[in-house]
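As structure tokens, one chain now follows by itself in the form predicted alone.
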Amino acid sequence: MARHGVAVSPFVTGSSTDGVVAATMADPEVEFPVVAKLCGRAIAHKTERGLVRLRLTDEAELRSACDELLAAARPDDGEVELLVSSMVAGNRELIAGLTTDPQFGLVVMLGVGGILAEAVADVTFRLAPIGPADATEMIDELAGQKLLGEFRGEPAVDRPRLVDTLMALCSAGQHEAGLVSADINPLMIVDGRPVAVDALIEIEGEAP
């Protein structure tokens, strides 16, 4: 996603506690507090399995969390890795994604995200490829427009950047070979800017 222009929270990855801790400490963009996650091709929903550790404030907490996450891996998870990312905060979460319709092909989606995404079901779709005008219309179609304005002391959503995010998502779908679906949830609104903090990608022939 980052390669195609989606803004993501700074992160590092590693297969061992020592490796990912060293990478974290060496990367000036990854700042404490951080989040640690256990990732793998067969791990679809990390939160439901308790594979996310939030608000880690120093190296010792990070090291302990990474050891716990690696210990929680199951044999059917296959090869796993640790991901450590800067902790970002915001009161609003969106969801953006791609899916492949058997009749129409690639479809771009935008909606209200977070843990309430399925319950709220405030979403809009467009067939790919989309242009800036299409992306703007998608944003305008969301029922929760109040969430896009000034909210709880935070600035309004930067709509041009959100348009850029949808365009970048569409680009990934068009240019990444074998990409079947992508689910960016949450797309956190941080000081008005959309920032992807998690993504579930499905590649043809691979476990999601």
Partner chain sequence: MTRNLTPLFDPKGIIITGVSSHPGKFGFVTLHNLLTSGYGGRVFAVGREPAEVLGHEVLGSIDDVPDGAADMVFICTPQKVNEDLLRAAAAKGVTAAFFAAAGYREAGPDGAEAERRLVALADELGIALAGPNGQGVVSTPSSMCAQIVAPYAPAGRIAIASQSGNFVSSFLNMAHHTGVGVSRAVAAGNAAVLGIVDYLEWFADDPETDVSLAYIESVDDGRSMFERLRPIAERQPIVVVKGGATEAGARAAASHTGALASDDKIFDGMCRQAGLIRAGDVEEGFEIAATFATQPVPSGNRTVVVTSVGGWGVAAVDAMAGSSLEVTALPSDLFDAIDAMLPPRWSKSNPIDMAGGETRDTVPEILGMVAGHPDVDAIVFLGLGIQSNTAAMMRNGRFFPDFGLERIVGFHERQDARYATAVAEISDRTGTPIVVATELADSHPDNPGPAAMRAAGKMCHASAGRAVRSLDALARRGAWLHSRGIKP
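Predicted model, so just to flag it, every value in this text is computed and none were measured. Numbering follows the first chain given and starts at 1.
One more form of this protein should be noted, the form predicted together with its partner chain, which is absent from this view; the next part is about it.
Heavy atoms within 4.5 Å of its partner chain in the predicted bound form are found in exactly one of 152-160, 52-60, 137-145, 25-33, that being 137-145.
When its partner chain is considered in the predicted bound form, P75 lies well away from it, no heavy atom lying within 4.5 Å.
Looking at D101, you'd find a heavy atom of it within 4.5 angstroms of its partner chain in the predicted bound form. Put simply, V180 is close to its partner chain in the predicted bound form: some heavy atom of it is within 4.5 Å.
In the predicted bound form, its partner chain lies farther than 4.5 Å from every heavy atom of A89. Taking its partner chain as positioned in the predicted bound form, the residues of 123-146 that bring a heavy atom within 4.5 Å of it are, in sequence order, V123, F125, R126, L127, A128, P129, I130, A133, D134, E137, E141.
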